[in-house]
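Shown next as structure tokens: one chain only, the form predicted alone.
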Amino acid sequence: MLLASYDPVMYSRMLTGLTLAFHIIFATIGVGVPLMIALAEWIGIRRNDEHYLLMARRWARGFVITVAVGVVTGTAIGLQLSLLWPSFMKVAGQSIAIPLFLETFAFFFEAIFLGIYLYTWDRFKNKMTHFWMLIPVVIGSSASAFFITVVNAFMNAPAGVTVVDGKITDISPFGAMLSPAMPTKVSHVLITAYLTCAFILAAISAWSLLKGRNHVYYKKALKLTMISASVFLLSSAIIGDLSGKYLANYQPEKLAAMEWHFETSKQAPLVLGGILTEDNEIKYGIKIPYALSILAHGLPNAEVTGLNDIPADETPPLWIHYLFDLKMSFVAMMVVVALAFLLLLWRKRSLVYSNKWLLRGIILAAPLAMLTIEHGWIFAEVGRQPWILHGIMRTTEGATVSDHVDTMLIVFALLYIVLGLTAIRVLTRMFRNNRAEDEIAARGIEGGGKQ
């Protein structure tokens, strides 16, 4: 064992957290990249531009590798739900069975058409025929994220069930899918996946341009991905505001812990940064007047529930404030990069592809976007504590009591290291040994229209 005192709940949480943290990387890519492939191919067909069609072709090759790893980690999550959280599955299994089944169905739907799409390049006279083969891939990947997020939404705000003496009765499976948390959670997961993948693909183009590879292909790819990222950033800001209002109504303890809001009050300020003392005093923090009331209810005089009105044993860990602040600092950096790109594109287009500081900022934005996804999920799950099923079952009640979870933690950690290194090596060699400009020359692609 890793420690003298064996705690199956702690190890179950560690193993599940590790699996989710690793899986979310490939799940995010699996949701966002198909949409970017579709945008590139559609623009290529509409403009008769072979550069955009090549983007779609190259991005699809890399996408296949990430899908393969995502299948392994997704399977691991399914196994761990049953093995590590048997009591939770016994209580909530019937309520979430339909979205879990539909998530699997959506993946198979996506995988079938992905195979058809990859096999049928250059096999149709009408290029739009091949493009339509990609639409089920886009729908399937997003639907897969939709249904698995529906499960998480139910865990945060159970619906469609009657609870008697702590047990779920009178289950309405479709009612369970319509949790109050579902609209904001699903939309936030989808938009941020699209956003992250746009930044990842933009970073690849920015890296090539920074290395002096000034081919027009990379300029077109950077423009497409950065404009997409800017649109998704705006969308995620709107959804983030709606998420704050959801928390105020359904999970006020999470919102209060996030902002270190202890006294129920009107005109509540939003706290940026700071350090919390043992006496629950905030030092060095910046308070923005009225901002928390506006975030929670849209009105500066609205009353926001404080932690002092929440039972102590139902209060989330207060360190989620630091997590949320770090997450929002990443978002702020991405906003700055996106605005800088748009400003240069508008005022000094000739510099947008050669400004080294901008290109470095775009490269930095990609890992920051993925870290934002990771921090967001940690915030969502830790902020729900002590509940695994909010208001019904505590995390300690849902975990396994079996031995050897610590051994499983080591085994899966080694598996993820191998999978991660393998994926990086394969993707690196795939594209380093087959640069876009070399493939363009080999295919005899000329011109390609305007940037």
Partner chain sequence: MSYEVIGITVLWVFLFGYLIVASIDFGAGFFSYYSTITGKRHLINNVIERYLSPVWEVTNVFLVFFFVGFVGFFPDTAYYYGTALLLPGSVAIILLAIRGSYYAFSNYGSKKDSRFYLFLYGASGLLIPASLSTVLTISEGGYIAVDDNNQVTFLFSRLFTSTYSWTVVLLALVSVLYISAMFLCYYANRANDRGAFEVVRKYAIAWSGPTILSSLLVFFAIRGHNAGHFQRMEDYAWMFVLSFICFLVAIYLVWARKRLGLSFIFVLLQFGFAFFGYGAGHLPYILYPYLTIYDNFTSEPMAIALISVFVLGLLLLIPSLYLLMRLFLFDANYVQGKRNK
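Positions refer to the first chain, counted from 1. Just so you know, these numbers come straight off a predicted model, no measurement behind them.
Although not depicted, the form predicted together with its partner chain is the subject of the following passage.
- Only one of 292, 182, 258, 84 comes within 4.5 Å of its partner chain in the predicted complex through a heavy atom, and that residue is 84.
- Among the residues 275, 71, 371, 288, the one placing a heavy atom within 4.5 Å of its partner chain in the predicted complex is 71.
- Using a 4.5 angstroms heavy atom cutoff to its partner chain in the predicted complex, none of 190, 204 and 356 count as contacting.
- Looking at 382-390, 418-426, 46-54, 33-41, the stretch with residues near its partner chain in the predicted complex, meaning non-hydrogen atoms within 4.5 angstroms, turns out to be 418-426.
- Not displayed here, its partner chain is approached by residue 105 to within 4.5 Å at the level of heavy atoms in the predicted complex.
- Although the partner is absent here, residue 80 lies within 4.5 Å of its partner chain in the predicted complex, judged by heavy atoms.
- Among heavy atoms of residue 94, some come within 4.5 Å of its partner chain in the predicted complex.
- Residue contact with its partner chain in the predicted complex: residue 317 places no heavy atom within 4.5 Å of it.
- Heavy atoms closer than or equal to 4.5 Å to its partner chain in the predicted complex belong, across 397-416, to the residues 400, 401, 402, 403, 404, 405, 408, 411, 412, 415, ordered by sequence position.
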